[in-house]
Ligand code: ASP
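Single chain ahead, by itself, as structure tokens, in the form predicted on its own.
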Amino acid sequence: MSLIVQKFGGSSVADADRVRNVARIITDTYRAGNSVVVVLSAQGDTTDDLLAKAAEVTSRAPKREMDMLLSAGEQMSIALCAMAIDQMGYPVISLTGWQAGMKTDASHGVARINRISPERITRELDKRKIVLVAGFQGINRYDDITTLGRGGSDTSAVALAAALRADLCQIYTDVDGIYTADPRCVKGARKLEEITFDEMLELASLGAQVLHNRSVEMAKRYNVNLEVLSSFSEQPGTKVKEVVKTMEKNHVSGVAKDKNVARIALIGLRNQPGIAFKIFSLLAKHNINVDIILQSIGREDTKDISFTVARGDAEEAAAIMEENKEVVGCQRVELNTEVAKVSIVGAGMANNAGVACKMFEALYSAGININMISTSEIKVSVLVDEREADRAVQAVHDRFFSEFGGRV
């Protein structure tokens, strides 16, 4: 008998028919002799609807009360699914995040999991019950409900799998696995049988929306046996693991696109030691994360530095630079929010020459200009104009996956 943790996203439980379908998947797993713990997200657009209701009342809702409101969506899902499973004649119980022992820090809206006390879950499993847990939520040391932020249900599921030492954690979504690119946008995207934690983490961080990067980080840290599959088909999914069978052959495993970026250029900086430290320490003090950084030699003993930030931080970052132009010795600050990041990811790239060149060749052939470049052992990212992003992803994907009939 295995202990399996399953997670179902909002689209999987969007209406009564889908809730019954999820109940069938859960009970099939249980009937096969497994112990089953299930994490559910809020139904469909419930979270957006709750946000809209808050906006009807106030434009500045307290974060604590927002968490109290938003946590209701997942509680609705677990109760409805428990009713469906009970109707089918199986023993089941639904638990909120705090009932399941999900202990977090006090950061409302973006809480981090400190620990899990799974005693209640274990007691219910010992009674041979199916346990449904509300995802995306926990409780802090003040006994206040907290929410985990974007991708919180994925994180809840992996954390429970780690705490319970589950044999398998299955993440059910509206796509049947991890693809070489978003199959809804890119022609010829192919499903992968398996992918490494490092590759998946990069893809998740670079805009792939199948798994949240926090959940992948946790799965890697605790070596959780992870699988991504669809709740709408019975096809095998994609395994996410430390080492894959074809790792030595893999050069590129996927292409990702991220439009949540903005570029800031500092023109005419004084060419002297400490300038970069001054710039990025100012941003760090305001908790603004910087991604790609490019420094170039300017004219007359000056230099230019360009960097990217999340689009939501762009206005604040540009304002900080404007306010401190004299401190950093900058002549002009430029902000461009009409950019996107396109990346290739692959565990075998570091030891295979010419991979980046093939990417650049694909973009050149498509007539797409590169604004900035960033590389690491398993990724190459470029910044392009936002209006060219979709075309860039298709061109790069075609270069690596169409011409050669698979990973290259």
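Throughout, we count residues from 1 along the sequence that is shown. Note that this is a predicted model, so its numbers are computed, not measured. The term rigid core refers to the most C-alpha atoms you can superpose between the two forms while keeping them within 1.5 Å.
Unshown form predicted together with the named molecule; subsequent notes refer to it.
Residue R150 is the only one of K278, R150, K103, R120 with a heavy atom lying within 4.5 Å of the named molecule in the predicted complex. A heavy atom within 4.5 Å of the named molecule in the predicted complex is found for one listed residue only; from V342, M359, A42, V37, this is A42.
Residue heavy atoms within 4.5 Å of the named molecule in the predicted complex occur in exactly one stretch of 28 to 36, 42 to 50, 61 to 69, 365 to 373, and that stretch is 42 to 50. Applying a 4.5 Å heavy atom cutoff to the named molecule in the predicted complex picks out E74 as the lone residue from 69 to 88. Annotation for L51: C-alpha shift of 2 angstroms or more between this form and the one not shown, rigid core superposed.
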